[in-house]
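First comes one chain, alone, set out as structure tokens in the form predicted on its own.
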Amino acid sequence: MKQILVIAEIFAGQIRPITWELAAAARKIKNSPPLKQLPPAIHIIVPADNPTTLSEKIAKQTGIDVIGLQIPELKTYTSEIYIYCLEQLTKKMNPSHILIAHTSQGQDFAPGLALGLDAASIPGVNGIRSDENGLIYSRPAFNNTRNMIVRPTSNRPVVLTLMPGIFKQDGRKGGKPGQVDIRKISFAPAACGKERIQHRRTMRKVCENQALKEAKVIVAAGRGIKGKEDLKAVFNFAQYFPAAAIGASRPLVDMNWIGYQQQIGMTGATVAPKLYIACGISGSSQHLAGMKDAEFVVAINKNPEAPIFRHSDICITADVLEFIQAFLEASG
């Protein structure tokens, strides 16, 4: 029987929340019309040096059977250990799909795992649907302004990395927990020549974005503001909203127009304000992952097809600087 495998996202001994989203996506695939007649089994794999406690927690919360992959050498993550050990396990399990988080860690090892399994690889998946010919996946393309629709063309396994914030958690409460099976695999560098990667230390970039995370109102600037000097207009605009914090999309940070501590998105801060005003932000999937929990979203963008509009409560089609200028003039 084919199986759907979910690789739990574990970092510093903790379960990352994206794991629950991966479980929800696995259920969506299992219950899709193409697979419903002969539904595959779902297993969640937990790679860790001591996976028992983590595995039991996941099995209880999801109700899905869990394989705790005990890897004594996995004191800290390296892609080499992950790829080698997951490949040994998954080759024996006949998977149809392997679901991995589209995070820095998932993006690091997923391509190598797909290569080792001779599998199809679809990164950054933000949608799953089906038709009479099978499952179809969507992923961002053209600098996140369009979605590319893709379908695997063979019966090989499919390795998917799923964007955070796209697949809603099941919200399962109670019920029978899944079974836990602990399996031990040792990393054997000799089998792949020699150990090529050694973990030295993990460094976190120092940033102070706690105020941004706690803000009730956020005014965020994007590439649509045209120049660094135009940030002043956004700051003046934000003053009309009590205690508003200023945020930004990644391009502005990359161009050194604004500090990293104000970046919102997958590689920045994750925020949940009552009001989020996106000024000239197109709405890449990475940015949307950071502000998806905002209660009310207002987007200002001159492109009527900007992805941010699909996630907004109020959509204002206008040049953001012209809009701000008109707003400031009308407000006196």
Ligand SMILES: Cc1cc2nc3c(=O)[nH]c(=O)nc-3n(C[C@H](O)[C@H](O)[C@H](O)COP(=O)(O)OP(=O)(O)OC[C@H]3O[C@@H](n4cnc5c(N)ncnc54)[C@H](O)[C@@H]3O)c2cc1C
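All values reported here derive from a predicted model rather than from experimental measurement. The first residue of the shown sequence is 1; numbering continues from there.
Not on display, but discussed next: the form predicted together with the ligand.
- In the predicted bound form, the ligand lies farther than 4.5 Å from every heavy atom of Pro95.
- Under a 4.5 angstroms non-hydrogen atom cutoff, the ligand in the predicted bound form has Lys302 among its neighbouring residues.
- The ligand in the predicted bound form comes within 4.5 Å of no heavy atom belonging to Thr52.
- Mapping the unseen interface onto this chain, Asp319 counts among the residues with a heavy atom inside 4.5 Å of the ligand in the predicted bound form.
- The single contact residue among Leu35, Leu275, Ala48, Ala306, judged by any heavy atom lying within 4.5 Å of the ligand in the predicted bound form, is Ala306.
- A single residue from the set Gly165, Gly178, Gly112, Pro251 has any heavy atom within 4.5 angstroms of the ligand in the predicted bound form; that residue is Pro251.
- Of the candidate stretches 66-74, 282-290, 36-44, 23-31, only 282-290 has residues with heavy atoms within 4.5 Å of the ligand in the predicted bound form.
- Taking the partner from elsewhere, every residue among Gly224, Gln263 and Gly268 has a non-hydrogen atom within 4.5 angstroms of the ligand in the predicted bound form.
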